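Next up: the same protein chain in two forms, each one alone, written as structure tokens (structure 1, then structure 2).
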Structure 1
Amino acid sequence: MAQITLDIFRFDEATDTVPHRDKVAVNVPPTTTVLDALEAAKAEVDGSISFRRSCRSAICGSCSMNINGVTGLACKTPCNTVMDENGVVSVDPMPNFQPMKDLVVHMDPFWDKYTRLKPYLQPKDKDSDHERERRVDPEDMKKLVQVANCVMCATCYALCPVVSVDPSFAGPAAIAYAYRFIEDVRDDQRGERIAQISDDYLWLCAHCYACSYCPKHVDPHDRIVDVKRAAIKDRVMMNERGPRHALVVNKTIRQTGMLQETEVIQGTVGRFNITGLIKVAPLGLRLASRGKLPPIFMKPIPKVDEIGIIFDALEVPVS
């Protein structure tokens, strides 16, 4: 049998101040999953190696970790797809989380954001008013199926670059799960839910698609865009920078065909928000010192009226 060497991040918050690494060799076939290789290491070599797992089949969402620097489910990753030429697989705890013991991390920030959603149905009427479960048209359920596949593994949260610099951002999974309730026809808290998730920085998603590596193909990014559209449609918290930004971009494209940078900055931060403008001013001054400040007025593109026709036909909001 082939030998796999696991290069494991070791740390115990109860006793250690700095982490170290252990190399543990196990005799398992190369097609073994990283999780089963870890199980073998724990059973045969060192019983103190700690990691989370339950289902071993990509259902429970417990075993996400960094495998050769790539975040994913250990039970879904065969060693031979990641090991180097010497059969070494390095495993580390998920980034964006505080390590607790070895590959186990403190999940609290992730669960906090999930709990804040009130992740249960809040219908208008009581369950007891119904003789049987509420019936939902299959068409209405279709769009919820994909997000309902989320197993809360936090892979997306660990990959999100915004979470890494600002832990107050709800993160991809929580916003995708908010969508699951916002678009549920049985739920009666749509407005409150959109406001809550807007408050948890819905608009801070940078569109980077790092969360597109969700092991359950939930595509959190696309659901985030759906929630933003719902916020605009229902006109929830429209005075925040996110919605203002989106609408002023639309406005400048409609007027000139182009995204007009100067107008977008003023429209987003607020034309009369002097403190806000001063805060974004340093970059402006730096640009100005190189003679490359974007123009204040822009010549519209040729045939700009065609953009108006498109916007009208699609009823694109500009304010």
Structure 2
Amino acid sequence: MAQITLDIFRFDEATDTVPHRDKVAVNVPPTTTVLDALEAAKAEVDGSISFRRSCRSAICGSCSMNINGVTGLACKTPCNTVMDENGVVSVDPMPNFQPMKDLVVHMDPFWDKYTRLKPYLQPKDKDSDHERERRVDPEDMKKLVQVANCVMCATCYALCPVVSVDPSFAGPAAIAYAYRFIEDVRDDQRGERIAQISDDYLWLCAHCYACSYCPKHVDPHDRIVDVKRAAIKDRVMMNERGPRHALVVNKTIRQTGMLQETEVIQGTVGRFNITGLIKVAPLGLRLASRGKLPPIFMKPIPKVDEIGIIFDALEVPVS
């Protein structure tokens, strides 16, 4: 047995105006999980400590919280892997959520974005039209297995810096689940789903890879890339800045081996979008005044053809 001190974020929106912290010491095996340590603290020291949990087996996703600055599942995190040299484990609610009570947060924004996608199959025919279940080729299901492992713990949403600055962004989990139905051969709403997730600011993703830290190894970032590729492939909302920006970046790098900023700005804003170009003109003037304006015509780098080989290998769509 070892004495582990839990440094717990405490707040009750019904009675408190500002949060505070309590340190609670429990005697548990050092290999016990953070969730079990919290259970011991609640049972033996302070019954008012509040947190969500259910399965204790990394299946339900309920116990996601911030542990020593890293968001993850408390039931999957042994204390001896996160406590400091003094045996202290700091526990906080997930970031990007409004605390409700202690480690419990308001999940409404997360679930609202998820339900907007209609996360259920919408086939073109009825179940009654089939004598048996809808069979799917194993090869078609392979690409859905990983994302189907998502337990909706919201870890990726809590870690997403885009959500922290723009709450309108759908978030990694919602986009990953959009992919799950977009690529399901039984579904008949591919175009509608791509349009919906595009409306929910799909193209705001900064590709920072923060959401790649997933307790269930779903890796939502790769699914975000897949959904963007699907949007471009299906020519959905191609007049938006997001897809235009992606295509012009790919085009300039493939042609020259470098990012051609002047071409990217025009391609993203729109070459004939006079109002939009006027709005970005002050930025160009400031760059020019500091000698940072890139050349209008950029020469390709040596062996630029090798860049094209990389693009072909990755099958990156370029207009």
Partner chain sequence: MTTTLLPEERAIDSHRKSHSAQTRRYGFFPGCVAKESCKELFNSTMLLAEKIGIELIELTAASCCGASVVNDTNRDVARVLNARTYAQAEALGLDDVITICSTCTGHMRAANKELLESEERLAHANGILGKFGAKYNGSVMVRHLLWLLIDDIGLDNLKKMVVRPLNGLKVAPFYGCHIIRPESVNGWESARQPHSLEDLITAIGGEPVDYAGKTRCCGFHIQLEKDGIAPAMVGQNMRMAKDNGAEAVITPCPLCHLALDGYQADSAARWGRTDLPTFHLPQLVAFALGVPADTLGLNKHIIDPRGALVARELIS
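Numbering for residues begins at 1 and runs along the sequence of structure 1. Between two forms, the rigid core is the largest collection of C-alphas that superpose within 1.5 Å. If you're wondering where the values come from, they're calculated on a predicted model, not measured in any experiment.
Remark: the form predicted alone is the source of structure 2; structure 1 originates elsewhere. Taking 2 Å as the criterion, His20 does not count as shifted between structure 1 and structure 2: its C-alpha moves by less than this amount when the rigid core is aligned. Its Cα shifted by 8.2 Å between structure 1 and structure 2, Ile309 is reported here after superposition on the rigid core. For Ile274, the Cα shift between structure 1 and structure 2 is 3.9 Å when the rigid core is held fixed in the overlay.
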